[in-house]
Each structure stands twice: as C-alpha cells, then as structure tokens.
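Given as structure tokens, the chain that follows is alone and in the form predicted on its own.
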Amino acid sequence: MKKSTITAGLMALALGTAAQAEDVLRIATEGAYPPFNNVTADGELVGFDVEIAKALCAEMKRECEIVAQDWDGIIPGLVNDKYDAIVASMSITEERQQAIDFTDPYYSNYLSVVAASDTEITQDTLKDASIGAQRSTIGSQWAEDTYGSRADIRLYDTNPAAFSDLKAGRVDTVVVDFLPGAAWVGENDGFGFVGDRIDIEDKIGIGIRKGEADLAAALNAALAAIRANGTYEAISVEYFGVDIF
C-alpha cells in the first residue's frame, strides 16, 4: 500500500473515531439529591433526573454518558466542556442564564420547611430559628432574601448533610425543595412540614452551554415527545406517585 493511501486511511479512521466520540452526549447530575439523583452503594447513578436523561437520550437516539458532579462545580464544569448538559433539577434563574442557557422546563418546583413534628416554629417565626439549606440553591437564596441577617442561616454542601444536622438537633429547620423534602419526611419518623409549601414560581430546566441551539432544539423536541407518549408520566409516577410536570 502506498504511503499516501496509508496516511489517508489513518486520517479517515481518526475522523471516524472523533465523530463517534462527538456522538456521545455527556450529561452531568449531582448524585446527592434523592429522589431526583443519587449514587447507590455500588456507585450507580439513580433517580428521577437520571431516568429522564436516559429517556431523552433514547428519544434522540443518542448514546449518553451520565456522570456525577458536585453541585458547586456543576456549572463551571459545563462551561469548561467537561460535559454537554446538566440534568440535575437546576432552577432557571437570571443569574445562571448569564453563564449558561436552558431548555424548556421539565418540571415546576416549590419550597418547603422541614422540622421536628413537635416544633412550635411556624413560617412566621422562622426568623427566630436556625435554618439549614444547601448552598447555591433556590432554597438558600429564598432564606437569605426573606430573613437576611435576622435569622441563623447555615449552608451545607448537600441536602443530606443538612438533614443529618436536623436529625441530630444541630439545626432547627431545613428549607428544601418540596419533593425531596416530602421523600425525606416519609422516611424519617418524627419530622414534618412547617406550614404550606412555598410557591416561588420556580421552573426546572436542563442546562447547556451558550450558543448550543441545535442541542437545545433536540432536547426540547425529545422532552415534548416523552410528554406526549407517556414516558415522562410513567417515570414521574414511579418516583412520586403523580405527574410533577
């Protein structure tokens, strides 16, 4: 075989390998936000977000790789091309939209306050209590915006860490998204909600890099399809008993 033919063959192989690599859609989730995303004892990523991501990939006929990424680094990781999308129950906010783009929302979120069932704390007296929340979340932002320096607000790296301190009595309450809060309350006797859930008009979307219009369109089309064909509802009912869209 001539050298030029060998060279051409190697270039074609390299281009083919690169094309295959580009076909893998890399998706990040937190892995510490049950029941939306979590890591099992044997290292498997599970949860509503994970199942939705898999359903979207199947609808788009794309090979996907789903990885766990700590919350504080999840947007920088996307911006720096560590992965292509974030499916991690991320709220669509003006601040985040300065750094990344979002798809259409894939569910709506509410906040809740969790405390011991026998607490005398109400939402009106929450300012006098210690409030736990995961840092860099809508919950922590709501607590800081609502109570500011009037309350003892303690921030945690993950929701499980905040709940661990609540259970140990090191914090009086935890402000958390309603569905994870409901899941935790259901698994832990002696705890419940303080008042009604809090409507903050919070919409949850899939994060993508700026300028990825084709990916946004593909994800939005896939989301509409799994809504229409019942896949989304089946996943939602499996985790929450209702369609949370």
Partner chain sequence: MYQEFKYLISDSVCAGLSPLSGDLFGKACPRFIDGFLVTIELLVLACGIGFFLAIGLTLARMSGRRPLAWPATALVYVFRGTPLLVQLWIIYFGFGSLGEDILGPILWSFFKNPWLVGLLVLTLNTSAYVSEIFRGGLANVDRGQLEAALSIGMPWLRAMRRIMLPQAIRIAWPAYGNELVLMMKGSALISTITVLDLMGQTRTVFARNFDLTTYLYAAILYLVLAGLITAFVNTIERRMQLSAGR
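Residue numbers count along the first chain shown, from 1. These numbers come from a predicted model, not from an experiment.
Another form, the form predicted in complex with the partner chain, is not on view; read the next lines as being about it.
Review point. Pro76 near the partner chain in the predicted complex, any heavy atom under 4.5 Å?
Key: Yes, Pro76 is a contact residue.
Check your understanding: So, in the predicted complex, is Tyr156 in contact with the partner chain at a 4.5 angstroms heavy atom limit?
Key -> Output for Tyr156 is yes: heavy atoms within 4.5 Å of the partner chain.
Review point. Using 4.5 Å between non-hydrogen atoms, is Ser112 touching the partner chain in the predicted complex?
Key: Answer no; every heavy atom of Ser112 is more than 4.5 Å from the partner chain in the predicted complex.
Check your understanding: With the cut-off set at 4.5 Å between non-hydrogen atoms, does Glu95 touch the partner chain in the predicted complex?
Key -> Yes, contact at 4.5 Å.
Review point. Can we say Asn38, Thr40 and Lys54 each have a non-hydrogen atom within 4.5 Å of the partner chain in the predicted complex?
Key: Zero of three within 4.5 Å in the predicted complex.
**Study point:** Single option in Ser136, Ser108, Thr119, Gln123 placed near the partner chain in the predicted complex, where near means a heavy atom within 4.5 Å
**Key:** Here the answer is residue option Ser136.
Check your understanding: Can you name the residues of 158-175 that have a heavy atom within 4.5 Å of the partner chain in the predicted complex?
Key -> If the 4.5 Å heavy-atom criterion is applied to the partner chain in the predicted complex, 158-175 yields Asp165, Ala168, Gly169, Arg170.
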